[in-house]
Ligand code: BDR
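Next comes just one chain, in structure tokens: the form predicted on its own.
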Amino acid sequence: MARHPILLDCDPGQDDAVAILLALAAEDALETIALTTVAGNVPLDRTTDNALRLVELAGAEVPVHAGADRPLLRPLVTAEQVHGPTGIDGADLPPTGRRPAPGHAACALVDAIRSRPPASVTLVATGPLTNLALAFRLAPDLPGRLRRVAIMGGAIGLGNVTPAAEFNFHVDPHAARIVFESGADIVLFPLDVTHQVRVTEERLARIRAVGNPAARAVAGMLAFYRGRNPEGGPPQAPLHDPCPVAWLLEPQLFRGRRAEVTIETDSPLGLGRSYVDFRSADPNALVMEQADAEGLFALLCARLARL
């Protein structure tokens, strides 16, 4: 069976790191053309270095292109209070001699998508959508050339940075709006579904039991991440960013409905809010609502064992 070509745009971040390793561990099913990085969970120099270290950990030969170091119109907001100063605290990965591939991430996205047959490449986005918005502005034909865009972001209900907004869309709401108005075939994994995928102590133990360096790094990251609950209360770790990759590998793990998604860019109070209208006659996204968390962790453990 032919492998599904993907581009993974990310801001690692422990949960982005797990998404990267899951994709690279599935080389029989997914052809990861490139990783592109954006400022988000931590600044761009850190997200790029993290991506390079993770590619080395996986033993992969995948280029990493650095992209936007700030949102389109707003100052950068980062999340070290959740992810630690490195973004992947707990992984304990050594420095790498690898360097980013030449060219801005937005240009790399344009070139990679145009080099492949139409409707063959899926673009997976797990950070702020700045690189995607830049690429879509550089090449207006790009949304129509993609197979789909699978995005972790937004919320049907409450956000996790403000009552209105989820982090990725809050960081760069203007970029998110460009992407959702682009005409691309979008599959959205909002907080409402990713919050169903929790790292419990038992699930963390299963990851540790895999025993190889990649699984140990994932277990270390998730143990750190699980203890950093900015809302207070008991440890929790919704595993947001692996969801789109898991869906590409096992789509039966998720269920959703089509809806019209609009991004708020005008109201200071609601900046980055994703309005999800399931009643719209003009839907622009498949919005996931249900996840099989046990199935996802079984998939993750099975794939990590291959690295």
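Numbering starts at 1 and runs along the sequence shown. These figures come from a predicted structure and were not determined experimentally.
The same protein also exists as the form predicted together with beta-D-ribofuranose (BDR); that form is not shown, yet it is the one meant from here on.
Of the listed positions (37, 274, 41, 50), a single one reaches within 4.5 angstroms of beta-D-ribofuranose (BDR) by any non-hydrogen atom in the predicted complex, namely 41. None of 191, 199, 142, 188 but one reaches within 4.5 angstroms of beta-D-ribofuranose (BDR) in the predicted complex through a heavy atom, and that residue is 191.
beta-D-ribofuranose (BDR) in the predicted complex is approached by residue 160, whose closest heavy atom lies within 4.5 angstroms of it.
Interface residue remark: residue 168 is counted as part of the site for beta-D-ribofuranose (BDR) in the predicted complex, having a heavy atom within 4.5 Å. For residue 130, no non-hydrogen atom is located within 4.5 Å of beta-D-ribofuranose (BDR) in the predicted complex, even though that partner is not displayed. beta-D-ribofuranose (BDR) is not shown here, but in the predicted complex it comes within 4.5 Å of a heavy atom of residue 152. Picking from 282-290, 21-29, 295-303, 7-15 the stretch near beta-D-ribofuranose (BDR) in the predicted complex, with a 4.5 Å limit on heavy atoms, gives 7-15.
Within 4.5 angstroms of beta-D-ribofuranose (BDR) in the predicted complex, the stretch 193-222 places no non-hydrogen atom at all.
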